[in-house]
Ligand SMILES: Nc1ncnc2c1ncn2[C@@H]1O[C@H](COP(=O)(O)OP(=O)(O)OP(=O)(O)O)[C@@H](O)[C@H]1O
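Just one chain is shown here, as structure tokens, and it is the form predicted on its own.
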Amino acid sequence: MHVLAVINNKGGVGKTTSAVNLAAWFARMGHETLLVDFDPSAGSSLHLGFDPAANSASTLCDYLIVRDGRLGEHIHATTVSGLSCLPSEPSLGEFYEEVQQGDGVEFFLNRKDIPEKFRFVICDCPPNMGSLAFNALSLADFAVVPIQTQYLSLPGLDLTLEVVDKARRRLNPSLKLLGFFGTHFDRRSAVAGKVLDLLRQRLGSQMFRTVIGVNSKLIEAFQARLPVLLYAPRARGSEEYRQLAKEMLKRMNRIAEQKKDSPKPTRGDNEWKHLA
């Protein structure tokens, strides 16, 4: 099982759109995939057809309240074969804040709760750095960061990186930063091109080559409550998310190979204790 947290402290960067469409492409590529919606606004849940206002499906909040160990009963199939969703709801944020005051991280969704059949788990994090984001990072093998290709997106990037580092130090020593990718890229805009160049200069090989451009079909797909690969399979946005998913798979495979081929440290090596 590989768990990815899609995270950025800034809203409106394409985080939810990316989480849904990457998860859909992982599933389309033959990998059993689960999308966990950690955002109380439930954007990913809505995108996949689960409306918390209709009370049509049990949610992550329901599971955390019941705590009966049967997470599978709160996971629901979607319109994409091989893709399931653990939905969110607005009361999830209030629940986390109330319980955290007494129980610390003990109330967090735990990795061992997730059914083993899933090859990939995609966590859609909220646009803030509170306990919900930390829960997602505590589960994750990798953090991936979408960045809107606008100057206003750059100042908040350091805060996102600080939170990922804090989660690694305090909750999840094996957490790795898989990489960054540009979103909302307007090919007609000189400013967008300059921002993308700045990101590539600053982040180097940590930037994925694929950039997600401005595409009306991505907005329409959300309104239709479908991933873009079902709503408009030939759209540029669908192809870009396919390429990005392939890049991520390749990078994860390369990291796994490097880990397998590296010499095993001695028993007393602290770093090996973190990776074991």
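Start at 1 and count along the sequence shown; that's the residue number. What you are looking at is a predicted structure, and each value in this text was computed from that prediction instead of being measured.
There is another form of this protein, the form predicted together with this ligand, and it is not shown here; the text below is about that form.
- Although the partner is absent here, L249 sits far enough away that none of its heavy atoms falls within 4.5 Å of this ligand in the predicted bound form.
- Using a 4.5 angstroms limit between non-hydrogen atoms, G49 is distant from this ligand in the predicted bound form.
- Contact between L22 and this ligand in the predicted bound form is not found at the 4.5 Å heavy atom cutoff.
- A residue is said to contact a partner when one of its heavy atoms sits within 4.5 Å of a partner heavy atom; L35 fails this definition for this ligand in the predicted bound form, lying far away.
- Taken together, the three residues A27, S238 and R242 lack any non-hydrogen atom within 4.5 angstroms of this ligand in the predicted bound form.
- Comparing 27 to 35, 214 to 222, 60 to 68, 227 to 235 against this ligand in the predicted bound form, the single stretch with non-hydrogen atoms within 4.5 angstroms of it is 214 to 222.
- Applying a 4.5 Å heavy atom cutoff to this ligand in the predicted bound form picks out H184 as the lone residue from 170 to 189.
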